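Consider the single chain below, provided in structure tokens and representing the form predicted on its own.
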């Protein structure tokens, strides 16, 4: 085996990234500027809202969608985060999650529809999704730096790539699970492609698609924490600072805040699909 020449995969990867960086630097910089303005603006907006108002609104939404227990947990949990002075960092993290999940939905749902409707697209996209889901999360951070630099933009871009596969897969699955009888009935009444899609298939696939969005939110929350390594702030930044300075108490507080946010988002989005 020692006589077999080594495949220079690392060299090829570096060359490809260097070529893309040189030839598309203006494009990526423009994208970075737009995304940075939107994400930072959203972070500032969430921070500017009185914490008491946010806590009450979230608790009411949780009560409506998930019941009294989750509402009480949301009220106490968010009040605890405010008490330990991690409110601004929490809002920064939530803003990045909102940005990443919004992009995932905008890109992922149409791709899921495409894979459900076109077998060729399904055969091409499915192996890519397998690769995206099995590649270690930390590896996504490396190519983002030369394209988008450091900060919230590469954090959201890497989160987008990491968290998008569940939306595509479950949108595909939801549409394919629509009963064939209903599809044939729609066709027999002369429904167009878009009428079939928006009036029959997507409404029936809604619970499955929302399950994909729920998974996307959970993956996004985990990834924006990891993305603190490339300059993203928020709760992940607190955890990363605690690791660097061996401040276990600080890291534990931020970890508890992340768990609270994850539980609230998970329970609310799980029950979102059960509402009419």
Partner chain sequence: MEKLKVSNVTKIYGNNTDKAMEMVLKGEDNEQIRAKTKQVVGVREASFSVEEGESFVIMGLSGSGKSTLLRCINQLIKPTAGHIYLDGQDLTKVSSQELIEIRRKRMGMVFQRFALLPNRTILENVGYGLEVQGIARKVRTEQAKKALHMVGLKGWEDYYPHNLSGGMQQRVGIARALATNPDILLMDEPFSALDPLIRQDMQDELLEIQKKLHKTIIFITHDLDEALKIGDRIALMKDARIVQIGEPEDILLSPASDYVARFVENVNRSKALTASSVMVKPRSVVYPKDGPRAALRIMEVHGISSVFVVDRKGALIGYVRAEDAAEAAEKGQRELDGIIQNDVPTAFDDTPLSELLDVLAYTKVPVAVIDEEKILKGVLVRGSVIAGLAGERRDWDE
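A quick note: this is a predicted structure, and the numbers were derived from the prediction, not measured. Residue numbers count along the first chain shown, from 1.
A second form of this protein, the form predicted together with the partner chain, is not displayed here; the remarks below concern that form.
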**Request:** Answer for residue 195 alone: is it within 4.5 Å of the partner chain in the model of the complex, judged on heavy atom distances?
**Result:** yes
**Message:** Against the partner chain in the model of the complex, would residue 177 count as a contact residue? Criterion: heavy atoms within 4.5 Å.
**Reply:** no
**Asked** Heavy atoms within 4.5 Å of the partner chain in the model of the complex: does residue 189 have any?
**Response** yes
**Prompt:** Is there a heavy atom of residue 117 lying 4.5 Å or less from a heavy atom of the partner chain in the model of the complex?
**Reply:** no
**Request:** Given that the partner is absent here, state which listed stretch (70 to 78, 178 to 186, 98 to 106, 154 to 162) has heavy atoms within 4.5 Å of the partner chain in the model of the complex.
**Result:** 178 to 186
**Prompt:** So which of 125, 200, 113, 91 gets a non-hydrogen atom within 4.5 Å of the partner chain in the model of the complex?
**Reply:** 200
**Request:** Please pick, from 204, 150, 129, 173, the one residue with any non-hydrogen atom lying within 4.5 angstroms of the partner chain in the model of the complex.
**Result:** 204
